[in-house]
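Only one chain is given next, in structure tokens, and it is the form predicted on its own.
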């Protein structure tokens, strides 16, 4: 039972993307890393970091298959079909978090996120931040395109955003209800669009997003090294 003095935490794991860019015919979140589907690793990290409930937003035709990935947490995981865009999937997921007062939004494509990052985001929301994102410094040099040439920009003024992002549940509901048809790349940006301040906490290199085949190779090496 969850203590009355502690806010309940629900995590929405967005897992409805395809595996086309990875050269696979199955959904990205179903691809295995060291024998474990990405989405299963992401869900495990959410629970290990302090989530009480996880809502997995999956491709519609894969809902039943995805539901079989979490035998250890079967009573605390809901698998539902997602929407056309990422923000549609999150909005659908919000309808399934029950009375949770804190909600995390996490990409299944970041399966190696350390649980301490999840905990760090949760605690920042508990401490009063309405919206929280984990970030890491930009280490590569950056250039901005200007017509037919490029110019260097100061990388120290840029941060790379990771997930899970954390929110007061009512704040995220309000953001989704007020942004109209405009498309957003993440929920923190959506909150900023309605003047909700976004706090940052330190992220971690292991929370990298698997996008290209080389990312999958790296994740496999890391996961096998940790097992």
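Numbering follows the first chain given and starts at 1. All of these numbers come straight from a predicted model, not from anything done at the bench.
The form predicted together with a small molecule exists for this protein as well; it is not shown, and the discussion that follows is about that form.
Checking 100, 131, 109, 117 against the small molecule in the predicted complex, a heavy atom within 4.5 Å turns up for just one residue: 109.
Contact with the small molecule in the predicted complex, judged as any non-hydrogen atom within 4.5 angstroms, is confined among 134 to 142, 152 to 160, 119 to 127, 77 to 85 to 77 to 85. The candidate spot formed by 17, 28 and 89 lies fully in contact with the small molecule in the predicted complex, as each residue has a heavy atom within 4.5 Å of it.
For residue 209, a non-hydrogen atom is located within 4.5 Å of the small molecule in the predicted complex, even though that partner is not displayed.
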